Every structure is written in structure tokens, then in C-alpha cells.
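Let us start with two forms of the same protein chain, each given on its own as C-alpha cells and named structure 1 and structure 2.
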Structure 1
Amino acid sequence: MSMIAAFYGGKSILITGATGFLGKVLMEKLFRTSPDLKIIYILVRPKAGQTLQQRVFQILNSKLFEKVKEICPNVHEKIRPISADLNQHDFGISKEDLEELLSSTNIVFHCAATVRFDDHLRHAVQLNVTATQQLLSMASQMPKLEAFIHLSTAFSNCNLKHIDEVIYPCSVEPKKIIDSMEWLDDAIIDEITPKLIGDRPNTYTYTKALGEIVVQQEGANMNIAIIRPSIVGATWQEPFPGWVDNLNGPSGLIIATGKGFLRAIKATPMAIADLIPADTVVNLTLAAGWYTAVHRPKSTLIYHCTSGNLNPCNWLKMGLQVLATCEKVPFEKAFRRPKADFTTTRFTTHYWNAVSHRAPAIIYDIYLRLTGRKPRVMKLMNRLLRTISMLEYFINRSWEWSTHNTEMLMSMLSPEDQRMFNFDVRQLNWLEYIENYVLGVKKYLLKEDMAGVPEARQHLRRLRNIHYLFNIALFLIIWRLLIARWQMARNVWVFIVSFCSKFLSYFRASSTLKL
């Protein structure tokens, strides 16, 4: 019998960010392993033309919940959506809903956050810091609360090379940052943002670090744990391999590879690609929730959910496997999704400048226009190049995360729990996982049929040929300019032509003698 599954039985659980990728996987796992749980409260932002119940049915109707509906047929009755907006004071929750939450909740999983790297500091502070502070204030009024689990990121302290399972201080107290965001105008915030984030690359990592400090300060009298996952990717095993439904992490990279938009990216091939499957993060999160509630550690424990220190995979290995799988099953619909944030394809240490990427896109847009279709590739290429610039910090560096608490937690689990809530990444086969990831992006994210593979391959070859032809033309033009301007280039060209001529003459003479 699983101790963790039994623990969540009969519990009332609050999940923020339940409509997001990780939140859905967390909710699915809870229902599948503990179908007798009492209720799951989810905070849902109101959406025009769609009721809260319609949002719930939309979530449950995805393939992710197929197994759950077999095990727990009345699952829709155990999800209680609550209208809430994390941008508002007290989340804009009604008095009746708030009273129910405060009186009933046993466990809180705080997954909600903005994960946009280029988000404005005011918005990032509101969602990642202020909302965390307000949720902790609510949690302090929950008499039945047993554990509060906060989802952070392993990159919250990415300005350090070695990162321990501790909370690191920031130069400015979170409360001062929160207060200043209320009265400073956008122009001043834009000016001070680089000074505040310091040697961190973006507002996301900075505000997640602030959020951890808030958890430490505001949750001193609660049973709290912090989970720090690295780059969250598709599911590894549960409920089935390769499930993914958003473009975060490597998913955009995979789409761009399958579509053939770019052929190169500036990266460090041997840098560790610290990818972690979504179901691994969820299993660790649920195990930490059980341990925090039952064993009540004296201080807030932080769990690193990373792969690089236990089962490393570098960007070169990952990129080649992504490319190999995408060559077999390219994507035919990718550039029809105007909101897609594409990233990259082939991994190398340097690439032609942005002109060599944009020009083939312009050529292909001309082709689309001539064939009566809407030109869209250039727009996606610009978005792709912006995304690459934001990713360069992470694909050119490696980090060392200590995992003492994570390994301790693993040792505390029974053999049954280690099997049912597996978060041991040492068992992960990277080549198999990445292949399932690519197939999952095609099936679950782009919703493409494998029957369209031949057509997609033809389209991929067409894009590749345009890319190669343009690079050849660019090389010849540059070389011609060099010959016209520098004597040394002319001498090299004469030498090459002379050598090739002599080689061909020798080859013809040898062939004549043999005859």
C-alpha cells in the first residue's frame, strides 16, 4: 500500500496554476493515485464567453485525463473551480468562496507563475512575488492546513555556478520591491530593472528568487517546502510518455527543428541541458507534500528537481536526437500557428548572422505569396530569433545543483512509493525520452496525423534546399567581393583554380592510360 497515495485520500487540496502544463499533470496524478480524495480547489481566471465549469470540462476532455476518468468516473464532481485573478487584491475571490477555502483546505500546491523571460518587472513581481505573499497570508488563516508546497525554479539563483538547497538573499528586500511597484511609473521601473536583477538574465529568475524569500519570511509558522525544477519537459512515463501541451522549454525547439526554419544556433554543445520530465517534478512534489505534512521538518526544506548531477545530457546529444527524430517525422502545421514561440534546430558553436536566416524566410514568403497563400515565415523567424537571444544564457552554461534533500526524501519512501512516485532520474533513458518527446509534440501539441509525414518531408526538403542555396550564393558573393578588394584573396583563388585544374588533368590522363 502506498503511504503517499493513502495520505492524500480524503484531503481537500488547493492548486494554483492548475490550468497550466504542470498543474494539469499534478491534478491528473492526484486523481489517478488517490481517487478517494475529497476535493481539489483550482483557481481559474474568468474568461469571456466561457464559464468556470466549461474550463474544467475542457481540461478533463484532453487525452491526459483518459485514465483518470476510468478510475474516477465522477472526477468532474471533485474539482471545484473558484473564480480568481492573481493580479487583484486577495485574487478577487468572493467572500463565500474564500470562507470555504480557508475552512476546508488541507494542502496547498502553489504552481501559478509567469514564466515569460521578457516580462515587465511590475507584472513579474505581481504574479511571482506579491501573489505568493497573498497566498501565504490566506494559508496562515487555514486551521486545517497540513502543508504548503511552493513551486519555484532551479534557475532562481542562476547567477551562481554551484547552488545548494538553501534560500539565498537578494540585495533588496522583497517587501520594498512590492511596495515600490505600486507607485513607480513604467519608465522608472524600466530604468532600474537592470540594476535590480544584477547578474541574473531576466525578470523571471529574479522574481522567483524574491518569491522564495517571501515564502521563508511569511511562512515561518507553517509546514512549507520549496520545489526547484529545472527545464520542465514532456512526461516521461505517466500517464503515458511524451504528453505536452505548451510551447515552453524545448517544445518550441522541437517544432522549429521539425519545420526546418533554422539550421544553426550559437550554443555550447557540451553544456548540460538540464531537462526534467513533468511527471518527475509532480512525483517529487507529491512526495514532498506527504513528507512535509507527516514529518513536519523544523525548517523549510528545498528540493532540487534536476537531472544534470545524476544523469547528465548535453545540448549536443539532445540536439542531434531531436534532429534525427524530426527528420523522420517532420511537422507540417507548425508555421500555421501564429502565436508559436519557436526556438532552434541544429546545434553548433557559431552560425551565419541573422541575415542568413532572414533571407531564406523572405524567399519562402515570396513563394507563399506567389502561390496565393499568406506570407508568415518572416514574422515567425523574427520571433524565433528573439527567443534564441533569450535562451542563449541558458544553453551556453552549466550549473551544479546539490540534491541532498531530494536524495533524503527518496530514501524515506517505501519500495511501493518509490515505484508509484518515481523521481529517480538516474533511470531515465535520454534517447528514448527525447524521441517520445518529439512524437508527443507532434501528436498532442500540434495535433498532427502521422499520415501527413510524406507531405511534411517534402516541405522540409524544400525549406532545406532554399537554406543551402542561399548560403552558397552568400558565400560566392562574399568571396567575389574579397577577390575584388584584396590581392591575397585573388592569390588564394588562383591557387585553388590552378590546383583543381591540375587535379582534373591528372585524373583524365590516368583514365586514358587505364583505357
Structure 2
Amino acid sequence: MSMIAAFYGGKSILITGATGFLGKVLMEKLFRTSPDLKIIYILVRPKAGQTLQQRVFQILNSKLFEKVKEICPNVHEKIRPISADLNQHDFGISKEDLEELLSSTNIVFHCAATVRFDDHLRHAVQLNVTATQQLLSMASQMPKLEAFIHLSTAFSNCNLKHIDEVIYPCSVEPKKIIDSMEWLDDAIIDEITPKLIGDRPNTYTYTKALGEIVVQQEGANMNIAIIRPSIVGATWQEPFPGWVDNLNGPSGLIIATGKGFLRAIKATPMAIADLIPADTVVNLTLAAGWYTAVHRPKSTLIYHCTSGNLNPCNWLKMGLQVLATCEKVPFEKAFRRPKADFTTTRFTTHYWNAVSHRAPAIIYDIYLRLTGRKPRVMKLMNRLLRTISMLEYFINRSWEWSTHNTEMLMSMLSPEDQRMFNFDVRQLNWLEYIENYVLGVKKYLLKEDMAGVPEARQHLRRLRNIHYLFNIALFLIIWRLLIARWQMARNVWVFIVSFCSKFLSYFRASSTLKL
């Protein structure tokens, strides 16, 4: 019998960010392995015209929850959505809901965050720092609370090269930052943002670091653990390989590569691609929840959920496998053939952006205009280039994360739990994982049917022929222009033509002689 699964049985669990990528995988695993849990409260905001119930209905009806619905047919009765917006004071939770939450909750998993790299500091602080502080204050009033698990990121201290499982201080105390956001206007915040984030690349990593300090300060009297995953990718094994449902991290770039938009990217091929599958993160999170509640470690433990030091994979290996899979099982209606390369200098990056990204986009937009349609590719391309520029920081560096706590936790699990809540990335076969990731992107993100693969292959063949024809036409046009304007080009042309005709007449003469 799994100790972890048994531990969550009969428990009331609060999850923030349950509608997000990791939150959904966490909920799914909880229901699948502990169908006898009492209830999962989820803090949800109405979004995109959907009520809370509609949002929950949509999640439960997704492919991710198919197995859960077999194992736990009354799953819908065990989810209790609570209307809450983490941007609001007290989250805008009603008095009755708050009372129920405070009196019943046993475990809190805090996953909600803004993961945008370009968020305004005010918003990022509100969600990643202030909301964390408020949630901890709520948790401190929960008499039945056994553990509070905070999801952070391995990149919260990405300004360092070697990162230990400790909380690092920031130059300005989080409380001062929270206070200042209340009275500073946007223009001043914009001005001080670069100074505050210092050598971190964005407000996301900075505010996640502040969030950790808040957890340490405010949660001193609680059983708390912090999980720091690196770049979370599609599921590895559970509930099935390759599940992914948003464009964050590598997923968006895999689409851009498979659809032929992304042709070059500035990356350090040998830098570690520290990806971690979503189900691995969730297994570690659940194991940490159990360990924190049952073993009650004296201090707040931080768990690095990373792959680089145990089973490293580099960007070259990953990129090549993405391309190989896109070649084998192409995405539908590709813009160009999937073919990409890494650039290593600013100059070559600018050159390939102009030649391989902007030029084809402009040409295709002209074609769309000429055929009476609305041009759209340049806009898409600009968005892609902006996204790449934001991700570049992470694909041109390597970090070392120590994993002592994570390894200690692994050793504390029973063999049954090590199997059921596996977070040992040494067992991961990268080539297989990346192939499943790309297939998952195709099936679950792009919603493409595998039956369309022959047509997609046919489309790629057409694109290859168009590419050849285009290159020949371009060559001829450039050559014609050169001949018209440049004496040297004319001389070369005359030389080539006379050489070819001599060669042909020699060839003809020798073959006649042989006859």
C-alpha cells in the first residue's frame, strides 16, 4: 500500500492555480491515486465568459481526466470551486467560503502565479508575492493545516550559477516592495524595475524569489516546503505520455519549429536543457506534501525538481530530436519545412532573422495581399521573434542545482511509493520523451489527428518543390541583374557558356567516335 496515497485519503486539500498546467496534472494525480480524498477546494476566477462551474466542467471533460473518471466516477462532487481572484484583497472570497476553507483545509498547494516574463512589476508582485503572503496569512488561521506546499521556480535565483536548496536574500525586503507598489505610480515603477531585478532577466524570476522569502518569513510556524521545478514540459508517463496544454516553455517553440516558422535561434548547443516533465514535478510535490506533514522537518525544506545534474540533456540533442520527430510525423499546414539551426553570435542571428524569418514572412504577406486575403504572417513572425528574445536568456546558459533534499526525499519513500510517485529523472530516456512531447503538442495543443499525417507529408513535399523552384527563379533573376549591370559578371557568364558548349561538343564528338 502506498503511504503517500493513503496519507491524502480523507483529506481536504486547497489548490490555487488548479486551472493552470501544473495544477491540472496535480489534481488529476490526487484523484487517481487517492480517490477517497475528502474534497479538493480550488480557487478559481471566472474567465473568458465562463463561470466557475463551466471551467471545472471543461477540465473534467478533457482527455487528461479520462482515467480519473473511471477510477473516481463521483469526481465532480469532490471538487469545490471557490470564486477567488488573487489580485484582490482577501481574494474576494465570500465569508461563508472563507469559513469553510479555514475550518476544513488540511493541505495547501499554492501553484497560482503569473508566469509571464514581461509582466509589469506591480502585477507580478501582486500575484507572486502579495497573494502568497495573504494565502500564508489565511493558512495560519487553519487549525487543521498539516502542510503548505509552495510552487516556486528553479530560476528564482538564476542570477547565480550554482544554486543550493536554500533561500537567498534579495537586496530589498519583500515587505518594502509590497508597500511601495501601493503608492508608486506606473512610470516610477517602470523606472526602478531594472534596478530592482538587477541581474535577473525578468520580473517573473525576481518576484518568485521575493515570494520564497515571504514564505520563509510568514510561514515560520507552519509545516512548509518549497518546490523549485526547472522548465516544466509535457508529461513523461502519467496519466499518459506527452500531455501538454499551454504554450509556455518549449511548447510554443516546438510548434513554431514544426510549422516551419522558426528557422534559427540563438542558443548554446551544449548548454544544459534543464527540462522536467510535469508529472515528475507533481510526484515530487505530493511526496513533499506527505513528508512535510508526517515527518515535520524542523526547517522549511526546498526541493530542486531539475534534471541537469542527474540526467543531463543539451539543447542540441533536444533540437535535433524535435526536428527528427517533426520530419517523421509532420504538423499540418506547415508554413515551411521544419528545418532550423542554432546561431551563436548576434550578427548571424540578425542575418538569419532577416533572411529566414522576416523575408519569407514579407513574401508570403505580399502573396496573401495579391490573392485578396489579409496579410498575417509578419505579425505572427514579430510575435515569435519577441518570444524568442525573452526565452534566449535561458537557452544560452547552464546552471547547477544541488538536489540533496530531493534525493533525501526519494530515499524516504517505500519501494511502492518510489514507483507510484516516481520523480527519479535518471530513468528518463530523453529521445523517447522529446518524441512523445512533440506528438503531444500535435495532438493535445494543436488538436491535429494522426489520420492527417499522410496529407501533412504531401504538403511538405509540395513545400520542398516550391522551395526549389523559388531558389532557381531567385538565382536566375539575380544573375540576370548582375549580367545587365556588371562587366565582370558578363565575362564570367561568357566563360561558363563557352566552357559548357566546348564540353558538350567534346562529349558529343567522343561518343560519336566510340560508335
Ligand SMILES: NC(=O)C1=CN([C@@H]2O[C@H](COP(=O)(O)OP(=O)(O)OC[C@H]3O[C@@H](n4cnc5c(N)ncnc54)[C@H](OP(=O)(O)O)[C@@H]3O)[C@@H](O)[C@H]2O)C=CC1
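Computed from a predicted model, the values in this text were never measured in an experiment. C-alpha atoms forming the largest set that superposes within 1.5 Å between two forms make up the rigid core. Structure 1 provides the reference sequence; residues are numbered from 1 along it.
So which is the form predicted together with the ligand here, 1 or 2?
That would be structure 2.
After superposing the rigid core, is the C-alpha displacement of residue 187 2 Å or more between structure 1 and structure 2?
No, shifts by less than 2 Å.
Once both forms sit on the same core, give the Cα displacement of residue 500 between structure 1 and structure 2 in angstrom.
On core superposition, this C-alpha lies 11.4 Å from its counterpart.
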